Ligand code: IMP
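Shown below, as structure tokens, is a lone chain in the form predicted alone; questions about how it binds or moves come after it.
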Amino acid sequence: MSVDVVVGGFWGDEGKGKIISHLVNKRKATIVARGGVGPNAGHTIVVDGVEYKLRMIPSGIGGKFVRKLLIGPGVLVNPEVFLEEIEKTNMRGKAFLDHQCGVINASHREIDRCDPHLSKKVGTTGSGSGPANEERVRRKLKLAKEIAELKPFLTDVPGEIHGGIANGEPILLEGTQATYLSLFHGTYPYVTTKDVTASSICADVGIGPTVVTDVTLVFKAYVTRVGEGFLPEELTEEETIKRGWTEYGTVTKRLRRAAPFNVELAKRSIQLNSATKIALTKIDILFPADQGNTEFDKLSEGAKEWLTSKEKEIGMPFTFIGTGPADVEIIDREG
């Protein structure tokens, strides 16, 4: 039995979906469960050459052994997005959500878009997640069990996960957003509406820390964030384009702000998440000649030097190194 938690190390957009997509088959995971805030974060994965952008369903859709894709009770659900993704991924009968998931409605999205503090100062996604979580804190938010169209997809997510643990099944827990968007540990007030470190992902799906085998922290070879807030060594838009680091948010479609890999932020994130393994994605963006490489020894000298230097500085090795968008474009040094 193994329970692996995968979380983001910077401000999101690190490629957590890709790492989940890789690990789900390597671990022969039968259950992939999603924690985090809700549909205000998207994961882009490529499975069998097909790209999927998912905001609700966990990124384990390509798992050959997966029998359940679960959304934990700590996660907010937009029924329209969830049902659309069910059809898009053909996961009916596999994808379920907890009875206690909070539900986002149109009024929450309207508040998110129109509130000047949220939309202008903080720069939220407009998904309605913040206002919905505010309503949940006031104990007024509707839950999934009250929404008729969601009833065929309801289950006891903590019960499902603990049943899998009791049977010795490998389980993956998928975090959304990332460490420095945490309400408690991030760059407040430019953060999301709850904690999203590894501890909270566990709480979101209903497990305690003693059953966790590994915490895999995902970094990108450079740093990006969407919206307002602190970003050390931020590049100009011109320099970002020049370096080939141009990206757009999966949910917001906004241009992501960019900066070089930050060692001090990485070290702090490792502490906050009690990381046991590190994944690094998009080394191919820094070193394009290495795209698709699956062996460390075959990397260019420049890439190897960069990776070795950063490993020494953060005090941990890169167990998984992403060399392209597909789930097979990865160097796996786990053995």
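Predicted, not measured: the structure shown is a model, and the values here were computed from it. The first residue of the sequence shown is number 1, and the count goes up from there.
The discussion below concerns the form predicted together with the ligand, not included here.
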*Given that the partner is absent here, does residue 77 sit within 4.5 Å of the ligand in the predicted complex, heavy atoms only?*
no
*Would residue 111 count as touching the ligand in the predicted complex under a 4.5 Å heavy atom rule?*
no
*asked:* residue 40 versus the ligand, in the predicted complex: is there a non-hydrogen atom within 4.5 Å?
replied: yes
*Given that the partner is absent here, does residue 254 sit within 4.5 Å of the ligand in the predicted complex, heavy atoms only?*
yes
*Go through 123, 209, 93, 159 and name the one with a heavy atom inside 4.5 Å of the ligand in the predicted complex.*
123
*Which one, 181, 173, 217, 71, lies within 4.5 Å of the ligand in the predicted complex by heavy atoms?*
181
*Candidate spot 231, 240 and 260, all three in 4.5 Å heavy atom range of the ligand in the predicted complex?*
no
_Heavy atom contact within 4.5 Å of the ligand in the predicted complex, the stretch among 82 to 90, 102 to 110, 191 to 199, 134 to 142_ = 191 to 199
*Does anything in 1 to 29 come within 4.5 Å of the ligand in the predicted complex by heavy atoms, and if so which residues, in order?*
11, 12, 13
